[in-house]
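Shown next as structure tokens: one chain only, the form predicted on its own.
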């Protein structure tokens, strides 16, 4: 059955009159893939329904937070109870303490927590805190790593070269990125070279332990441990941006999965159960540089919002149940296997690359392996776009960009995996016809 679009089309046209581009986050406008974004009316479990009544198996999961699926009854109940008591107070609540205790218990590197309202705020705060705690100014980040839209972090390098940062968005003054150093992801030697030149000036190394904003790129063997050793040797802080991976790839995040402890961790997404949230967490002696204990200033009217805290508490309680991650891994592995077979059946076994860490996965339209930003940008975007639209028409909702992750939830079933594989058979055939036509 053809996908109905009339109501979504009308909603998009109306939105464009009052919202910039018709959206509140650029990727939602489908600029990378073309076509019309469906306007979502409701969601439950692993399914989305748009304004036209089209139903989709959802692998975006609100870009990661919906690890339980949408509108889990226990999370909904917790949020409703919280909102009935008041949506926001701008004052301390016990819920903030309870959620911070759960985070600290799950992540051994984290003794104290500061909540924010978004992942961008969390990373911005972590960078400021690292600078304040060390008395240094420079930050190392990795090409293709996305850490929110704070000025100092909107930078990337060209051709994988290790270089000083230059702004990658109008409105970001060169002075804002002058202290941002760049290295290729998965290249510990490049980071070592930066330390050899700037050791006395580097406050922190900021890294997604699993790069999730250029597809899904796992850390190379020894990469994270090398960063840990370099930071320790030179007195810099290691910041893991676990906004995406925190409570997603394991209860203790990527730092549990890979056995490397950072000095600071940024969190978001899952810890708010789908509501707006962010957090910075780390060792007490570092965190205590933040006001009101220390001089590094940070504040937020809606930080620790009661509804978000309630949703996070309910979510983390469910994630801590025995066998949760083992079951999620089984479903994720089954989906990867089914998609690999569908690609092979379409003759694409040697032309696409699947990479997965836990319930995060990406199908790159390049032979692979994909180890860094340059590898990712070598993908055939025409093939991806054909695949994306065929999946959407078949009722499978994917992120509208080659450089984003798929997220599997606990709500996905064996039947969903089988249905996804059936749609993928035709989608990969469409992709095979589109290779090289960009």
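All of these numbers come straight from a predicted model, not from anything done at the bench. Numbering follows the first chain given and starts at 1.
One more form of this protein exists, namely the form predicted in complex with a small molecule; it is left out here, but the text below deals with it.
Contact annotation for residue 148: at least one heavy atom lies within 4.5 Å of the small molecule in the predicted bound form. Contact annotation for residue 269: at least one heavy atom lies within 4.5 Å of the small molecule in the predicted bound form. At a distance threshold of 4.5 angstroms between non-hydrogen atoms, residue 263 is out of contact with the small molecule in the predicted bound form. Using a 4.5 angstroms limit between non-hydrogen atoms, residue 126 is distant from the small molecule in the predicted bound form.
Annotated contact segment (heavy atom within 4.5 Å of the small molecule in the predicted bound form): 115-123, selected among 171-179, 349-357, 187-195, 115-123. Though the small molecule is absent from this view, in the predicted bound form it lies within 4.5 Å of a heavy atom of just one residue from 50, 404, 375, 380, which is 404. Between the options 244, 254, 237, 280, the residue in contact with the small molecule in the predicted bound form by a heavy atom within 4.5 angstroms is 244.
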